[in-house]
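Quick setup: one chain, the form predicted on its own, written in structure tokens, and binding and motion questions come after.
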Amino acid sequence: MANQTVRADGVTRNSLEARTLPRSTRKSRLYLKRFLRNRTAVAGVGVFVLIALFGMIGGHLVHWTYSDVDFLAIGTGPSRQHWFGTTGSGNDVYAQLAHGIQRSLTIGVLVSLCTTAVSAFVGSIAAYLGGRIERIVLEIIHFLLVVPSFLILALVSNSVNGNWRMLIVVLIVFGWMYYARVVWTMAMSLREREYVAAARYMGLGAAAVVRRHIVPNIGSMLTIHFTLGVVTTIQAETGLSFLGFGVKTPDVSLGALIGDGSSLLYSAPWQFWFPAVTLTLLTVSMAFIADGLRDALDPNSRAGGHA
């Protein structure tokens, strides 16, 4: 109360400002306040920003590109010319690492964004419509969940010769079902609410009701899913590339770099450890951010209880 001005009628300046602020702004400030209480989440944001900046501008700090070959420095360790050393083909590991971060983050963000949108729409519309459409959608989801998706991912990725755009499409096709099932479960309780029934009686179409009244009420869960989805996708892409089914030469990703460096762990350890440490920091930072978002958006969490 020390920094608050109390009027004659007992109303403080802060309370007046809170009344004049839009509701969305007040909620954003509340979520930010809760998020900032989680120190590991804040540290995760810092680490993620540094890695993202390295991926965006790191390649411009050296005169080598990820595909350039230095025939005078093949398989050499870190030096003034090549800060992170070179590969057995003479490629600069620093430039390849910056490009690999770009490629892995692009794949992770796009796949997670699309799978979140698809799962939110399919799960919500199935729960809202109910009846025969709901049963058909659930049967399709359950069928796709038991399909060996990793095997199909490996076969399709290998047939398109490691094209990262096709890899994104394949990861989206086989990545939305589980979360659509979760969204359907949550939307089941929302479809019986009064405001949803009111919107239906007012003549709104199913897509409009889902977009305006159901999806916004599961927005916190979708936000957390998007953040964790980036981590899961990067790990999946890394696994595929490590096994030789993901991004392939001349393009590079973190998984491709780790796969190439794993066979040289003792003779040329810089080719393995630089991308491996970067991948670990990236996934751990995203996990911390997701944990902070969960605390900030969940009113029943420990952080939410003190806000």
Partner chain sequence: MTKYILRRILGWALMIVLATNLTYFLASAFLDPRANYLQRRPPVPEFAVDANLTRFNLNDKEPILHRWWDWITAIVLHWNWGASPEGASVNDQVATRIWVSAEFVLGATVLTALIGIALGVFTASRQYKASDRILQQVSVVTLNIPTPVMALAAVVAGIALNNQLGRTVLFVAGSGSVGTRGFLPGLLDGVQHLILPTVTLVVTGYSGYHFLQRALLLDNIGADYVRTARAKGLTKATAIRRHALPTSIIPVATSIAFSIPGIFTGAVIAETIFGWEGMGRYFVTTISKNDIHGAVAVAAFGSVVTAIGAVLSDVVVGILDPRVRVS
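Just so you know, these numbers come straight off a predicted model, no measurement behind them. Numbering follows the first chain given and starts at 1.
Just so you know, the form predicted together with the partner chain exists too; it's not on screen, but the next bit is about it.
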item	value
Residue contact check: N217 to the partner chain in the model of the complex, 4.5 Å heavy atom	no
Contact test in the model of the complex: L279 vs the partner chain, heavy atoms, 4.5 Å	yes
Non-hydrogen atom contact L50 with the partner chain in the model of the complex at 4.5 angstroms	no
G44: touches the partner chain in the model of the complex, heavy atom cutoff 4.5 angstroms	no
Segment that reaches the partner chain in the model of the complex - one of 137 to 145, 102 to 110, 217 to 225, 83 to 91, heavy atoms within 4.5 Å	137 to 145
4.5 Å heavy atom contact with the partner chain in the model of the complex for all of M186, S189 and L204	no
Position in contact with the partner chain when the complex is considered in the model of the complex, options V231, V196, I168, V118, heavy atoms within 4.5 Å	V231
Position in contact with the partner chain when the complex is considered in the model of the complex, options V156, C114, A127, M177, heavy atoms within 4.5 Å	V156
Residues within 4.5 Å of the partner chain in the model of the complex, restricted to 259 to 278 and counted by heavy atom	S262, L265, Y266, F272, W273, A276
